[in-house]
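What follows is one chain in structure tokens, specifically the form predicted on its own.
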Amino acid sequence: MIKIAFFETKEYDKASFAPYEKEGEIEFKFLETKLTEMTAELARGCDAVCVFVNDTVNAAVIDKLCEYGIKVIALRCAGYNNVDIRHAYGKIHIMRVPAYSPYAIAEHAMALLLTSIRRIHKAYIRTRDFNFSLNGLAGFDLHGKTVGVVGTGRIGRVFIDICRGFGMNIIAYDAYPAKDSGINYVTLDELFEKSDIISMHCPLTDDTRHMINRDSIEKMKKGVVILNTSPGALIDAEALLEGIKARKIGAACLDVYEEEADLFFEDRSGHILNDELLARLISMPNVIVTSHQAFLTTEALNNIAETTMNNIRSYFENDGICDNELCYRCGNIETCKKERKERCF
């Protein structure tokens, strides 16, 4: 019997994982609370925990889970910047879902862009009040505009394909360019200088944290539109707000926010928002914020559940070997396991 504790569980998580629960073989314990040092004890008696992007998996939490006999932490997401991978090595196995639906993320980015530049959100609100005026709703064509794509992994390349369909001029930056891709790579500074629209599709690392900052915004075109469906900390939110107030940034479309952990995925409509920076961003007429929902499609949820359960089964049924394990053993966190074809520890 494999017992799994799910933290930060929503109704859509339960629906997608429910088919994998089997009496006598796999038992689920769904918890609405986030994983923290205080809530880790709720996993006592389980063999594995399943966590999401805003759960805390630091050294203290890892030590507590080990104390309770937890063998596996299964991330039902691709990002792992909330996990202390170095501290976990030799103690507990970390697995993730490297790809669930690049189409979901890329399509949401384009949906945000179209909504913003064609003022669809404003028109919707107006017509609900039977206001059919077109004043203030003028947008601009995407055809012929230059879009700068930062990060050309699976999601970035799907977004590029979508932009090609609109007849856009595409330039891109990636620290590790995709070979023979036909993508027009430029330096990061050139991308900032030439792009009418900038879309972020890269992971959060020490090098990419606050990639969008005061200096980079200064290099951008006046009226640039910035999209972010990748980690929120890629953008310095204070610098972004300053750029918007200075009329340097024409619009911002954000599905993520650096300090979202205690806000997103929850209904805060009856509360005063203590995050003044986020409140000011949301109040701007040229800013659209969605609550980290880019991944939220039926296809993506099904893929997340399937891959997560396969990861857990691989550990318990395949001598601890899992292609999606994250390990600090050789310093190449994402690929070392695939090369060795053996247990990380």
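From 1 onward, residues are counted along the sequence shown. It should be emphasised that the depicted structure is a prediction, and the values quoted were computed from it without experimental measurement.
Below, we turn to the form predicted together with a small molecule, even though it does not appear here.
Asks: Quick check: do V51, D84 and F316 each get a heavy atom within 4.5 Å of the small molecule in the model of the complex?
Replies: No, none of the three is in contact.
Asks: Considering non-hydrogen atoms and a 4.5 Å limit, which listed residue (K29, K34, K64, H292) is close to the small molecule in the model of the complex?
Replies: Looking at K29, K34, K64, H292 one by one, just H292 meets the 4.5 Å heavy-atom criterion.
Asks: Check each of D275, E107, D174, D196 and return the one that places a heavy atom within 4.5 angstroms of the small molecule in the model of the complex.
Replies: It is D174 that has a heavy atom within 4.5 Å of the partner.
Asks: Want to guess which of 198-206, 123-131, 216-224, 137-145 is within 4.5 Å of the small molecule in the model of the complex, heavy atoms only?
Replies: Heavy atoms within 4.5 Å of the small molecule in the model of the complex occur in 198-206.
Asks: Verify the contact flag for K71: yes if a non-hydrogen atom of it lies within 4.5 Å of a non-hydrogen atom of the small molecule in the model of the complex, no if not.
Replies: So K71 does not count as contacting the small molecule.
Asks: Considering non-hydrogen atoms and a 4.5 Å limit, does the small molecule approach S116 in the model of the complex?
Replies: Heavy-atom contact with the small molecule at 4.5 Å: absent for S116.
Asks: How about Y257: is it within 4.5 Å of the small molecule in the model of the complex, going by heavy atoms?
Replies: The answer is no: Y257 has no heavy atom within 4.5 Å of the small molecule.
Asks: Please determine whether G250 contacts the small molecule in the model of the complex, using a 4.5 Å cut-off between heavy atoms.
Replies: Although the small molecule is absent here, G250 would stay clear of it in the model of the complex, with no heavy atoms inside 4.5 Å.
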